[in-house]
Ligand code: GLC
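Only one chain comes next, encoded as structure tokens, the form predicted on its own.
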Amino acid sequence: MVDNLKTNFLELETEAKDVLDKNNRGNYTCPNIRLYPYQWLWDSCFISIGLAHYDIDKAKQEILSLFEGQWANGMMPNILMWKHNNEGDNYNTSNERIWRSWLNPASPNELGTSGITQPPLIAEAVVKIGEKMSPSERRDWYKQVYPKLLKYHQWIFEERDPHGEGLALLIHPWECGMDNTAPWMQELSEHSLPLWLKALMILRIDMLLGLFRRDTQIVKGNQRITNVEALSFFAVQRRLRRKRYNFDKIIDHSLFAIEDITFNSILIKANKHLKEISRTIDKKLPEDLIERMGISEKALEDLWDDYAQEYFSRDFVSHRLLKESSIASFMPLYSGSISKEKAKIIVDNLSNTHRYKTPYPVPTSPISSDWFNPQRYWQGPTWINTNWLIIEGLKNYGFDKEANELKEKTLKLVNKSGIYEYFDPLNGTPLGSNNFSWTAALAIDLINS
């Protein structure tokens, strides 16, 4: 299978490597030079997985650069605003002022970052890189990153699981990585829109924002989040900033705290990797952390709905399931902790023509959903990183036929339409930014693994 893929997609692999070279900024690889000049947390994790197939040193550097932005409390921010990007100091300074990470004493002194995190894929990336090394090199690599990786996992459980229930909570849609997916936007619109934004919507003044948005000057507006979504994200971010990213103050008056199914599924898999890393270097994980890891695997089942036969994210305060279907429902496959019976139910959705079976799978919303829009960011398009996570999940449960089919369809899509950010699931139209790094990196991984 691997030999055939390498032969069929030899030109694609070469093109993908060129994209990663173009987006290389020295100590990290940005997602796209024009639209995303900074370093993003889970982007760099995906990027390092692709780089590991042909440049171990660059792959390692992606992860080591991420750790340079780690906060003193262990938090890994989702954005690191390195100074050497092609936009110049004005763009950098404006984004640093938007976030003002320096308001929190735990943030780095010499590097501007965001004040929130993203799905914890670092352990996955560390292990994927380690698999390309000799046993002695792997041990040295694991020893190098273990202290910071351990601190990150401890932060997640200590700060984001305040009641010890086993599920980490998120405080901004950006933290789930799939910003405007239906469950998040439904919850945000119902419970967290400020009065000023509701007034703008009524008066339709939100349309004026389009004149000032940088992303819609690069990518067509119908492919991005709406003006209302952009303003609501900004409103939540300002609320966090006013509280200086102090979690105790944020959660004490929070209108918006979600136990996200994607984040927690990735966390469970990451915990397994952390255990593997610790065994490899003969380190003993703290007992309280081991206990909380075990609780997480069991707690994931609290997100299952018997009637819908699906996993959903959950409101942290009320424990109400957010019953709006999205691609997140597939992510428990990636965790590897659910039953084979439930895995089979989830997998069946891939072949359901009323839900997720499209010519170019897998759409981020089911095609039967009122939210489905084949070109609107995370509300319909196919993304290569979510396909990759689903493929890994299918392999976890022995669905090798389905995994290979999705792998080949994914590669054919990128080969046909180009190395874009996302794609129309109905006709394969390329969407978002071109020369997108995680699309390139994960194509390389799929070709070679």
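Residue numbers here begin at 1 and follow the sequence given. Keep in mind that what you see is a predicted model, and the values were worked out from it rather than measured.
Another form exists, predicted in complex with this ligand; not displayed. Remarks below refer to it.
With this ligand left out of view, the stretch that reaches within 4.5 Å of it through heavy atoms in the predicted bound form is, among 6 to 14, 436 to 444, 423 to 431, 21 to 29, 436 to 444.
Screening Asp315, Asp179, Asp215, Glu165 for any heavy atom within 4.5 Å of this ligand in the predicted bound form leaves a single hit, Asp179.
Checked against this ligand in the predicted bound form, the residues Phe263, Tyr377, Tyr311, Trp184 give one hit for a heavy atom within 4.5 Å, which is Tyr377. Within this chain, Ser329 is remote from the site of this ligand in the predicted bound form, having no heavy atom within 4.5 Å. Residue contact check for Asn104: none of its heavy atoms lie within 4.5 Å of this ligand in the predicted bound form.
A residue is said to contact a partner when one of its heavy atoms sits within 4.5 Å of a partner heavy atom; Ser337 fails this definition for this ligand in the predicted bound form, lying far away.
This ligand is not shown here, but in the predicted bound form it comes within 4.5 Å of a heavy atom of Gln118.
Contacts with this ligand in the predicted bound form, taken as any heavy atom within 4.5 Å, map within 40 to 55 to Trp40, Trp42, Asp43.
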